[in-house]
Ligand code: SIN
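So this first bit is one chain, no partners, the form predicted alone, shown in structure tokens.
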Amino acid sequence: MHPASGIGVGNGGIFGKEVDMSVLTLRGFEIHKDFLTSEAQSAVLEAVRSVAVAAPVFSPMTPYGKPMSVRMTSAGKYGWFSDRTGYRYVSHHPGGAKWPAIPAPILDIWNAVAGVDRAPDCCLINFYGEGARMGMHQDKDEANFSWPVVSVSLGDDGLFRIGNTERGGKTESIWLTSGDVVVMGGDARLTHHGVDKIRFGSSRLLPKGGRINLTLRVVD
């Protein structure tokens, strides 16, 4: 992994000519604070909206028979899905259509921070409304854990908690704000993590409030 300080992507780039990117490392997670400018956040949000038109958000069921508090959709070769038979990647939206392609502004973020030549197969898009959370979990439905996972935060602040490779033990938390990007790779790739709560209404990016989290993953 490498910090991508001061980059421009494409013609002008979604990050602008100069971006002040402060990189924190917490338990192996690379946290790029304020990675996306306000203009870049708006561009990525429009890309997310285009995905949601082609593949509407839905509320997946956990294998335990309870609906998740987040709503989601995906872009790319695969989308993430869950029901009573388990967690997995699938090639089609529950409505039957193939997932739309990952938009260029989102791929630009991966190319800037992932530090690998391989493109992601999936962009999972989670929407957190008021009161939504994500329990501690590992991202382990992929075939090869040597590839990083890149996470992008848009909208309201989320309290991100980082644990250990095994369940339990001491954890550390950090507030992720709109425009922050996190890279989970190397020894941190299978570390448990989750979102304990949303500071609803803390951002003006989404008119009705809420948080959007994108995670880019290599699946195959």
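Residue indices: 1-based, along the sequence shown. No experiment lies behind these values; they were computed from the predicted model shown.
One more form of this protein exists, namely the form predicted together with succinic acid (SIN); it is left out here, but the text below deals with it.
Proximity of His32 to succinic acid (SIN) in the predicted bound form, heavy atoms at 4.5 Å:
His32: no contact with succinic acid (SIN) in the predicted bound form.
Look up in the predicted bound form whether Phe81 has a non-hydrogen atom within 4.5 angstroms of succinic acid (SIN), and give yes or no.
No.
Is His193 close enough to touch succinic acid (SIN) in the predicted bound form, meaning at least one heavy atom pair within 4.5 Å?
So His193 counts as contacting succinic acid (SIN).
Since only the chain is shown here, I'm wondering whether Leu176 would be in contact with succinic acid (SIN) in the predicted bound form (any heavy atom pair within 4.5 Å).
Yes, contact at 4.5 Å.
Listed residue that, although succinic acid (SIN) is not shown, lies within 4.5 Å of it in the predicted bound form (heavy atoms), from Val90, Val116, Ala104, Met134:
Checking each option against succinic acid (SIN) in the predicted bound form, the one that comes within 4.5 Å is Met134.
Quick one: which of 123-131, 93-101, 107-115, 140-148 gets within 4.5 Å of succinic acid (SIN) in the predicted bound form, going by heavy atoms?
Only one stretch qualifies here: 123-131.
Which residues in 193-220 have a heavy atom within 4.5 Å of succinic acid (SIN) in the predicted bound form?
The stretch 193-220, when checked against succinic acid (SIN) in the predicted bound form, contributes His193, Val195, Arg211, Asn213, Thr215, Arg217 at the 4.5 Å heavy-atom cut-off.
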